[in-house]
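Just the one chain here, the form predicted on its own, laid out as structure tokens.
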Amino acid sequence: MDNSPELQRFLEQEKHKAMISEMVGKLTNECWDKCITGAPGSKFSSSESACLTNCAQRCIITFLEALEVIGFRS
């Protein structure tokens, strides 16, 4: 198997992409379940919109803090 630095970088990048994709999926599901309590209409109510915004911001901040703790950010 080729253990070149380029291959290792590529594999790390792909792993990070998969982690981000999984995080977005979880964020979407968690925030939707928390904020959308009834059948969705043609647009979100102001309280649903505010809830979704706050939920997404909290999730992103938590994710970025976790990345920093495990050393993915400088």
Partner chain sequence: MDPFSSPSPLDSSSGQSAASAEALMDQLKNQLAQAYAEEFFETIRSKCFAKCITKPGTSLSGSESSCISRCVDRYIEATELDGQEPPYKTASITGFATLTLPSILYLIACANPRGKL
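Remember, it's a predicted structure, so these values are computed and weren't measured experimentally. Residue numbers count along the first chain shown, from 1.
A second form of this protein, the form predicted together with its partner chain, is not displayed here; the remarks below concern that form.
S.K.: Is the gap between residue 61 and its partner chain in the predicted bound form 4.5 Å or less for some heavy atom pair?
M.R.: No.
S.K.: Within a 4.5 Å heavy atom cut-off, is residue 29 in contact with its partner chain in the predicted bound form?
M.R.: Contact with its partner chain, yes.
S.K.: So, residue 66 and its partner chain: in the predicted bound form, are they within 4.5 Å at any heavy atom pair?
M.R.: No.
S.K.: Listed by sequence position, which residues of 18-54 have a non-hydrogen atom within 4.5 angstroms of its partner chain in the predicted bound form?
M.R.: 21, 24, 25, 27, 28, 29, 32, 33, 36, 37, 38, 40, 41, 42, 43, 44, 52, 53, in sequence order.
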